[in-house]
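Next comes just one chain, in structure tokens: the form predicted on its own.
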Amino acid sequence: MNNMMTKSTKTGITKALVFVALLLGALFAGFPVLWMLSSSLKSNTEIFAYPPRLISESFSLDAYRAVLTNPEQLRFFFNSYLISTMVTIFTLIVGILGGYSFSRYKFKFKSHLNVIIIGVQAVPPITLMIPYFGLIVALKLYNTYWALILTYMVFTLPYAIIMMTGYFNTLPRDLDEAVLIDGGTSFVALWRVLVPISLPGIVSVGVYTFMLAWNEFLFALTLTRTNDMRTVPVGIQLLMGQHSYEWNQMMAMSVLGSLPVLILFLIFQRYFIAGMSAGSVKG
């Protein structure tokens, strides 16, 4: 009886410790987001008030109104949506084709290409800043959408190909063979059979790609010159003036900039988690 009580007590203590650890982790991760949201509803004067207040005495939507009525800042959002969407579409198309090829075919230099793809994924993007800047200028793409789209794809494609290869490896080859027996081609087998049942893997790659392109700052700042080509992360930085910072507008833009990624993840989280786990089972 005592042993059972002891075991039950240990289980209860373990659950309590896990709950406390999760609660502390949630507070640690969630407090900056809560503070960002709170600051976006304050005036600049109240943000610098001492002692600081988490909950504003008088909520104000002035910062959001200033952002949403400013054509220049709306342009930042348009640029981010356009670039992120195009990068996601192109990455998915090339990633699906590349993943299918690596999964189903044997060809010369296949292992070498795998090493190159993994190597590109392992290289820190900042180390490629100067070479890419020179390349973009040489190609006369500086300060264009294509400069950012092509550059982002260099960093999203390795992940997409690796993930889709792993996901296609989990699908039986009998599916392809059945289509071929019925007179279809490999292209038909891919797009009409494998792609529909690979939706979790495709969604996980798409969400990751969109998040990376939406949040990227360094290349967006370096490869663009005029404000009409800037994206949301760079637009937030531009609110840091020489003599004053528009902190409430910065927080408002941060909240608005976080919403697309948050909504995208909430909608597709089931597919995202399933795709991440399935793609990592067999590579």
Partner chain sequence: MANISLSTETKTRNWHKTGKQLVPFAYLSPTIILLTVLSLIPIAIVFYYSLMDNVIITREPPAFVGISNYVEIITDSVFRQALGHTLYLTIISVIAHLILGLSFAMLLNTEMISPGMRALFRVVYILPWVFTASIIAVLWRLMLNPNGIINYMLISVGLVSEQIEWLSSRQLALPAVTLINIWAGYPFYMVSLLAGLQGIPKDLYDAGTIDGASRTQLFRYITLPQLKPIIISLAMLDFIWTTHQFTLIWMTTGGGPIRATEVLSTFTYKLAFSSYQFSLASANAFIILALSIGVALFYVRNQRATDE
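Residue numbers count along the first chain shown, from 1. The model shown is predicted, which means the values in this text are computed figures rather than measured ones.
Beyond the structure shown, there is the form predicted in complex with the partner chain, which is absent from this document and is the topic of what follows.
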(message) Under a 4.5 Å heavy atom criterion, is residue 43 part of the interface with the partner chain in the predicted bound form?
(response) no
(request) Mark residue 100 yes when one of its heavy atoms lies within 4.5 Å of a heavy atom of the partner chain in the predicted bound form, and no otherwise. (result) yes
(request) Please run the contact check for residue 140 against the partner chain in the predicted bound form: heavy atoms, 4.5 angstroms, yes or no? (result) no
(request) Report whether the minimum heavy atom distance between residue 131 and the partner chain in the predicted bound form is within 4.5 Å. (result) yes
(request) Name the stretch: of 166-174, 198-206, 104-112, 67-75, exactly one has residues whose heavy atoms fall within 4.5 Å of the partner chain in the predicted bound form. (result) 104-112
(request) Name the single residue among 193, 154, 178, 86 that comes within 4.5 Å of the partner chain in the predicted bound form, judging by heavy atoms. (result) 154
(message) Given a 4.5 Å distance limit between heavy atoms, list every residue of 197-217 close to the partner chain in the predicted bound form, or none if there are none.
(response) 208, 211, 215, 217
